[in-house]
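Given next, in structure tokens, is a single chain: the form predicted alone.
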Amino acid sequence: MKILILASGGDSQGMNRVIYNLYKHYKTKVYGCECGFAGLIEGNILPLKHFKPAKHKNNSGVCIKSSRCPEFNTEAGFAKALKNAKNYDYIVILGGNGSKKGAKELEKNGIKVVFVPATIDNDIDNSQYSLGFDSAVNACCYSINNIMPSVNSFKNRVCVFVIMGNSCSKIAENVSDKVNADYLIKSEDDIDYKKIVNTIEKNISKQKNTVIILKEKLLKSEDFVQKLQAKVKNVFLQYFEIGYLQRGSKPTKFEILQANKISEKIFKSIKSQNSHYIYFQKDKWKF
């Protein structure tokens, strides 16, 4: 038996643990596809031991490398990928909805696949959780909780924390709840300067600084801060892009536990000799 594993799209904590578990379980039978679907097209495939999975098992990132590959969606690109995929009995794919779509295309063309939801955004169709989400939320809270004590050494401060999430607001919502933020901007409907100014002024009257959580890609941070600054006087505004700290932080204990549970599902999937899409539903990982 020959098994191939690849990661596509953004990396997320827990990916390396799954990769290590597959190596530990299958040894020389498992291979790594470097740079996701791009590597599948080019045939950049090596025995998984080449990527030193044991060294990276508890680290963030993804040791086999990832990529975004528009060429995979072309007829020529997919044909090359399919030709190389046919050399393996199973392909394990770690990623988000785009990766899931790629997995389904390969399956339609006779390839046995196992899809694993792995994206910090936690926006996989039909799954209530995806690898990386808990670690991303934890990293954001850690950053904010380490910035605010210094900020609170001064009066009349407003801090805007820009949180990743692409088109999904789940990270921003969870972080806002955990750090007890004063205002959450998760959609365009929340960009209400009158309400935001009112919140800031109420906090000033209580001698309290203001924490605003802003989901990425809604508007430019600099523009938002400048416009808000023009509406409130005698207040110092600043913003912090949490950014890749969300992905680069160490996986939480919860994340490692989930990665181990997912790995068991992968083993069962391959043993059953059928394609499977792994989802988290009602506190359990299911096919």
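The structure displayed is predicted, hence computed values, not measured ones. One-based numbering along the sequence shown.
What comes next is about the form predicted in complex with a small molecule, which is not displayed.
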Stretch from 172-180, 187-195, 119-127, 72-80 whose residues place a heavy atom within 4.5 Å of the small molecule in the model of the complex: 119-127
Listed residue (V114, A85, M164, C159) with a non-hydrogen atom within 4.5 angstroms of the small molecule in the model of the complex: M164
Touches the small molecule in the model of the complex: E105 (any heavy atom, 4.5 Å): no
The small molecule contact in the model of the complex: Y244, any heavy atom under 4.5 Å: yes
Contact label in the model of the complex: R68 to the small molecule, heavy atom within 4.5 Å: yes
is_contact(K202, the small molecule) in the model of the complex, heavy atom dist at most 4.5 Å: no
